[in-house]
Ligand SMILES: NC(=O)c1ccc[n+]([C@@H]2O[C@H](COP(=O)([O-])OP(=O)(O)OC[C@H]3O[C@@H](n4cnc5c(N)ncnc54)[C@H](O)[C@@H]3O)[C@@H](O)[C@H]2O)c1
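What follows is a single chain, given as structure tokens, in the form predicted on its own.
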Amino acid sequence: MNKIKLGIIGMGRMGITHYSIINSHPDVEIVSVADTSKMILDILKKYVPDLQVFKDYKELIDASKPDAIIVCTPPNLHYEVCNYACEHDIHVFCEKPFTANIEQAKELKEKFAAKSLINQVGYVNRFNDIFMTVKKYINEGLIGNIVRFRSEMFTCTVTKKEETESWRSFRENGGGAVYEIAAHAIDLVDYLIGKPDKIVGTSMNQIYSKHVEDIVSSTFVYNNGTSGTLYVNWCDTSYRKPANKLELFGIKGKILADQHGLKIFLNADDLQTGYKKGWNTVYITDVFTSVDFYVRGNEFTRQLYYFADSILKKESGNKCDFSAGYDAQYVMNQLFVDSESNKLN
């Protein structure tokens, strides 16, 4: 394959963002988009006359016959879109969360693996320069075996009582703080430490939402003795932009990180990295690698280029495939189960 024919399904905020990024890839041609908004489709028809536009994802796949698609629909629609794409041997990049149903996530993971189709979930933290650096340091044993950790995420997404309802108002559709933001904090734990063996003490609170959780906290336990906490809040007006925060405590030191920088405390000098005993500060400008096109952050470009380059066989394997998406989905499902169990007790 010399050039990828690509379709994008769902042209909301993330669909438009992904369109602008992947359109810069020299080996990708966006041939079609699908959305239910007539206004969006009319604008695209006017300003991108060669682009095929559709109201239905099946029409897009059947008529434009793309090699790959990017799925940016509400989460409850991910399964049917991805499944139809798999039946037509199409590679898929699916926005997070992977699905809103654990059994559907398992089925898609297995189907795409059986067909050897490239598949990826949009957990963008795995492509962030800081978190990739943290992963490297963990693998190199910079702070030794991790004993405790804390993964947090804060946004000011919901700041007043709901007046109207949308798909985000119901968990079955993929709404709520767990699917919307905790998914990132959970996948970050899966990526850096691994999927927990047990989840306990889960608590969910409603502040402004009627049907879904606004705040969630929980404890993750591992058979090797590691444990950590998850805390997310999408009603925190002290944050202007979404913030992922991570604290890792090991036997040789600790790491504090967010998507912009990290601080490392070491009990002794580290000759390999050159970091000294005590506190060391690393900014993203110290470790970042540039990308060809910048929107929102290097990681957003890097993840889509990785997807395209995996199809073109310029990259090997998938850094965040549907198997990783399933793992995050499994943890989210366990949070809901544990939270309900705690209510009964």
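Everything numeric in this text was worked out from a predicted model, so none of it was measured. Residue numbers here begin at 1 and follow the sequence given.
What comes next is about the form predicted together with the ligand, which is not displayed.
Participant: Can you pick out, from 254, 245, 106, 168, the residue that has a heavy atom within 4.5 Å of the ligand in the predicted complex?
Facilitator: Contact with the ligand in the predicted complex is made by 168 alone.
Participant: Note which of 11, 22, 332, 324 lies within 4.5 Å of the ligand in the predicted complex, where distance is taken over heavy atoms; exactly one does.
Facilitator: Among 11, 22, 332, 324, a heavy atom within 4.5 Å of the ligand in the predicted complex occurs only for 11.
Participant: In the predicted complex, does residue 184 come within 4.5 Å of the ligand, counting heavy atoms only?
Facilitator: Contact with the ligand, yes.
Participant: Quick one: is residue 213 in contact with the ligand in the predicted complex, heavy atoms, 4.5 Å cut-off?
Facilitator: Taking the distances in the predicted complex, the answer for residue 213 is no, it never comes within 4.5 Å of the ligand.
Participant: Is residue 96 one of the residues lying within 4.5 Å of the ligand in the predicted complex, judged by heavy atom distances?
Facilitator: Yes, contact at 4.5 Å.
Participant: Can you tell me whether residue 281 touches the ligand? I mean in the predicted complex, with a 4.5 angstroms heavy atom cut-off.
Facilitator: Residue 281: no contact with the ligand in the predicted complex.
Participant: When the ligand is placed as it is in the predicted complex, which of 155-163, 222-230, 138-146, 67-75 ends up with heavy atoms within 4.5 Å of it?
Facilitator: The contacting stretch is 67-75.
Participant: Taking the ligand in the predicted complex, which residues of 24-52 have any heavy atom within 4.5 Å of it?
Facilitator: Going through 24-52 in order - heavy atoms within 4.5 Å of the ligand in the predicted complex - the hits are 34, 35, 36, 37.
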